[in-house]
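Here's a solo chain for you in structure tokens, the form predicted on its own.
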Amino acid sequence: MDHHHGCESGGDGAHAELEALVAKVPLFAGLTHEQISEIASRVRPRVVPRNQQLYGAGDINPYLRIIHTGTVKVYRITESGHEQVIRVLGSGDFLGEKAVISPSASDHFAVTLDESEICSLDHEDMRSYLLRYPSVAFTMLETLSARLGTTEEQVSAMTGEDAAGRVAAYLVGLADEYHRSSFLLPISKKDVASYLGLTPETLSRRLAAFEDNGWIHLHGSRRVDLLDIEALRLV
């Protein structure tokens, strides 16, 4: 079961701790201290263990959830019964926005990949903030627009590019996002394969081929050094 975070038990110190959490969330970056204090009084923080489902397909999800620490995988189950990773969310990200805009049954699953501290806001409260605080509505729109762009790229890659192109574009995208050429994969190779619409075996073969070409170097199960980003951009 989820267990409530210590900062939820009353007192000024607890409220100040929640204010500090809310203030760090990009969604609320444009708000005044009073507005942040109001939201802090409405959020419910929880520490959620690793591998716990937050909600599933068919569930009515009544909350906007904001991730303070940890990682959450969002995925669907395809008609053939395979898991298709849609996105992986981390610190500062939110999920469950569909419930805020139009309450309906979820069409996907959300599960924690590691122990995560997550704050929940009732969708009625969140709807009221969107109407009253334009900066929150704008930031949410900006984030959802960026996610849509990423999803469109993902669909286009799956229908157009071959496996090598998908894997190369994914690695280059991570390097661009992290602003460095050596990084840890944010998810397991099995989940990367699912995200790219490949079998784990195909992903392993493509990574091995890139390593043979001298374009990348793999350490253990997650660390990747990109040795020739330009070559990868041209795949």
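For clarity, every value in this text was computed on a predicted model and none was experimentally measured. One-based numbering along the sequence shown.
Keep in mind the form predicted together with the DNA is missing from the figure; the text below concerns it.
In the predicted bound form, the DNA sits within 4.5 Å of a heavy atom belonging to A208. When the DNA is considered in the predicted bound form, P62 lies well away from it, no heavy atom lying within 4.5 Å. Contact between L174 and the DNA in the predicted bound form is not found at the 4.5 Å heavy atom cutoff. Contact check for Q52: every heavy atom lies farther than 4.5 Å from the DNA in the predicted bound form.
Proximity to the DNA in the predicted bound form, defined as a heavy atom within 4.5 Å, holds among S181, T69, T199, S37 only for T199. Checking 25-33, 53-61, 40-48, 184-192 against the DNA in the predicted bound form, the stretch whose residues place heavy atoms within 4.5 Å of it is 184-192.
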